[in-house]
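Only one chain is given next, in structure tokens, and it is the form predicted alone.
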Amino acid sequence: MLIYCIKRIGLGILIVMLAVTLLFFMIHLVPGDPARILLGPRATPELIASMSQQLGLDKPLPIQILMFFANLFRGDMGMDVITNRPVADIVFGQLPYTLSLILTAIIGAALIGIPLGCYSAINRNSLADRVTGILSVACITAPAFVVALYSLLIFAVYLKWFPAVGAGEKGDFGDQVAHLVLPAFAIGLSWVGYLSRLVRASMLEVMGENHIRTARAYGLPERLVVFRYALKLAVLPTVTVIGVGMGFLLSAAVFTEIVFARPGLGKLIFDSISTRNYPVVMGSVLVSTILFVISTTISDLINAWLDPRIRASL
């Protein structure tokens, strides 16, 4: 298990470096001079040249990416050219809002979707199974931004059950939770359907395996067979999907944070790209990539812990 952990963590570090390098080059392919956009149309050539030198844009792209990684290894993510604040302070100041949003969404989806999928598999082809299947497909096909708009309209504007915008007052936990419900519901609803269908399919496959029939032949209680032997293996694909889903939730959080006027990493990336603020874009993308790699690595390690056969696959 230790060797598997070392290999998987090393692979994650390599993925982060390759992803950041690729995104670095893609950002520089966007048309327009960042220095001219930041300074405005009336900027003199001298000011534009000075800003380009400050951003390091006067150097070749390979040199820029090497300088970026060299500064990163020293813990320096650069300075925001607009506010003159360290990029790390800006990014990590917005990170807790996005983390709380996606963790609430995925945990809520797992707590609802996994039991629904398990119940559907146990009661296969029943009325409850068919109703659950229809609701799951409906959840899957609902785009996050559409759910965000309608939930804002219904639950915040018409019913006034939850606040409409913002992230709540700092230090007021109840207010922050109230502001978190609708955004988390918007991006987590589709994952309820995904997890429900996945768990159902996995449970049906596992329930037909030899060790399950053997356990039943020995007269073990059905509840013990289902929850101790079947669900433990059926949940393995779900753990992987949850790890990958963290990355998709990061992208969905962009629309949700804009709709609900909520601070967060997604909105920060969107605003930084709009203003061509390269240092903040690179710092935000770097942290987002690290979060995605960490979530997938943790899911792989959990799978390897639950199923020893996976350890020999890497």
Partner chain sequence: MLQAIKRICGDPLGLVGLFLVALMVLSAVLASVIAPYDPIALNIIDRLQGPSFKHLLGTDQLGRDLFSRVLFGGQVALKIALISISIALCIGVVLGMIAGFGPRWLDNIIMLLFDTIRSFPTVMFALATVALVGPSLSTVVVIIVITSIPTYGRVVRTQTLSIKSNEYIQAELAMGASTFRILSMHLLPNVVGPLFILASMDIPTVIALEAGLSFLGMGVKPPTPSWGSILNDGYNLIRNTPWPIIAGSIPLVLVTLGFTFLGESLRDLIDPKLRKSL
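Throughout, rigid core stands for the largest set of C-alpha atoms superposing within 1.5 Å between the two forms. All values derive from a computational prediction rather than experimental measurement. Numbering follows the first chain given and starts at 1.
Unshown form predicted in complex with its partner chain; subsequent notes refer to it.
Check: If you check 128, 220, 103, 153 against its partner chain in the predicted complex, which one has a heavy atom within 4.5 Å?
Finding: Exactly one residue meets the criterion: 153.
Check: Quick one: of 146, 177, 82, 159, which gets a non-hydrogen atom within 4.5 angstroms of its partner chain in the predicted complex?
Finding: Answer to the contact question: 146.
Check: Want to guess which of 105-113, 167-175, 198-206, 70-78 is within 4.5 Å of its partner chain in the predicted complex, heavy atoms only?
Finding: Heavy atoms within 4.5 Å of its partner chain in the predicted complex occur in 198-206.
Check: Even though its partner chain is not shown here, does residue 247 get within 4.5 Å of it in the predicted complex, heavy atoms only?
Finding: Looking in the predicted complex, residue contacts with its partner chain include residue 247, since a heavy atom lies within 4.5 Å.
Item checked: Non-hydrogen atom contact residue 50 with its partner chain in the predicted complex at 4.5 angstroms -> No, residue 50 is distant from the partner.
Check: Do residue 64 and its partner chain share at least one heavy atom pair within 4.5 Å in the predicted complex?
Finding: Residue 64: no contact with its partner chain in the predicted complex.
Checklist line | Distance check, residue 123 to its partner chain in the predicted complex, heavy atom within 4.5 Å | finding: No, no contact at 4.5 Å.
Check: With the partner absent here, would 97, 119 and 239 each sit within 4.5 Å of its partner chain in the predicted complex, counting heavy atoms only?
Finding: Judged in the predicted complex, none of 97, 119 and 239 sits within 4.5 Å of its partner chain.
Checklist line | Interface residues of 122-140 toward its partner chain, as seen in the predicted complex [heavy atoms, 4.5 Å] | finding: Counting only heavy atoms within 4.5 Å of its partner chain in the predicted complex, the contacting residues of 122-140 are 124, 134, 137, 138.
Item checked: residue 258 C-alpha moves between the shown form and the other one by 2 Å or more, core aligned -> Shift of 2 Å or more: no.
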